[in-house]
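Presented as structure tokens, the chain that follows is alone, the form predicted on its own.
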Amino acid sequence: MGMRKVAIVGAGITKFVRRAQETGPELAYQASKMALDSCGLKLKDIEMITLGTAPDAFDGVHMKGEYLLGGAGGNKKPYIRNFVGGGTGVFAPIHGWMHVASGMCDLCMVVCEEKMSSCHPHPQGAFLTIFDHTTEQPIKPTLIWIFALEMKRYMETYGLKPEDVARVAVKNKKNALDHPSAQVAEELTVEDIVNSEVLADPVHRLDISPASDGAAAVILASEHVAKRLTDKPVWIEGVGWNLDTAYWATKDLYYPRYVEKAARMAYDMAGIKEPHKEIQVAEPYDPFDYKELHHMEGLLLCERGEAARLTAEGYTARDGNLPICPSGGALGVGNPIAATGLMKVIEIFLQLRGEAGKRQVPGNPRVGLAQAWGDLMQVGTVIVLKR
């Protein structure tokens, strides 16, 4: 039996908020119910659940897969949790795709959840323990200042100024004004971004997405079921993933080679030869503003070192030649880690169906991409969708 075609047929997403009153299982339930309702299905129709949620430290709950099982609809069904740090939100639908494409099931629900506000004092307390105990832990790093090293290396390689990077945050926070789930949407200037307080030079507070609580879900269907459920299926045409070394101290941080490897895998599968021409709308992962630029280059959507100039020229605006993060991204909608990546997949799903409302990009797009990135600058996950 060959590989079967798989479509996304329904999607749901909660509001992303700073401190949700709902528990993690309740957030997962809300997103799941919205996804089922969107395509007229009941939980009993779903044969299998795949759950994406980043490491337990983000929620401060041990054995989070078991904890979320009921809310995600996994009772008495095949159910499995996957996580690759921040890359989880795009890996989860890839994981679900495998089950449907292989013939294991016809309907799989993918649920992603994160409730970061309940972890005290901060997830960073757990992350202090993940670094190499000999070469890295004595420096007492935090995630923010590791990313500050990467941001600085990227900026110095191409001679970028803080203003060049800040334009991404301005664009995405403004785009998010039109997203119903948005947490930190606002109209800001480049000056607002570069004048916000320094957290670890060159990272300023407004260069970063917020800590968030939220959940998202999509329904995946095999071809014959998808055609019965909707006349607008969005097909998963290519998937890719890649894992690089965990040693951030021993690689050149100016370029995310693991994102390129994941992208090439997805493009080969989707038959895409010239991504910068063939991809019509993209949602790369943007937990920091420089990461959108970094990831555009890793995804081969432009030449290395070109992303900042293209952003300044309006090329990546919602009405530009290649709209990047028309949703508002993590910077504007919010960043409940695993749910963020799936929010991006859902944005491409809606854009390709022409259902993104005020966020809809012009030109009737047919091919889009979502990407997420995780762990210690080492995981790339990419999905290519076509209408």
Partner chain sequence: MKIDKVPVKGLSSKEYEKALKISWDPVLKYNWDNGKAIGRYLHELKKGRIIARVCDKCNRIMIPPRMFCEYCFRPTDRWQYVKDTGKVNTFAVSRVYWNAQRIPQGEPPIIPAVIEIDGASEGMGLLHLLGNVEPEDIKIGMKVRAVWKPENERTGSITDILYFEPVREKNPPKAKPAAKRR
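Numbering follows the first chain given and starts at 1. Rigid core here is just the name for the largest C-alpha set that superposes within 1.5 Å across the two forms. Note that the structure is predicted; figures quoted are calculated from it, not measured.
Not on display, but discussed next: the form predicted in complex with its partner chain.
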property	result
Touches its partner chain in the predicted bound form: N364 (any heavy atom, 4.5 Å)	no
Its partner chain contact at E197 in the predicted bound form, heavy atom, 4.5 Å	yes
Contact label in the predicted bound form: S181 to its partner chain, heavy atom within 4.5 Å	yes
V379, heavy atom within 4.5 angstroms of its partner chain in the predicted bound form	no
Heavy atom distance at most 4.5 Å to its partner chain in the predicted bound form, all of T14, A20 and L149	yes
Contact segment among 103 to 111, 128 to 136, 280 to 288, 303 to 311, judged by heavy atoms lying within 4.5 Å of its partner chain in the predicted bound form	128 to 136
Interface residue in the predicted bound form among R153, K273, K161, R228, criterion: non-hydrogen atom within 4.5 angstroms of its partner chain	R153
Contacts with its partner chain in the predicted bound form, stretch 28 to 52 (heavy atom within 4.5 Å)	Q30, M34, S38
Flag for N75, CA shift 2 Å or larger between the shown form and the other one after aligning core	no
K273 C-alpha moves between the shown form and the other one by 2 Å or more, core aligned	no
Shift of A126 between the shown form and the other one at or above 2 Å (CA, core fit)	yes
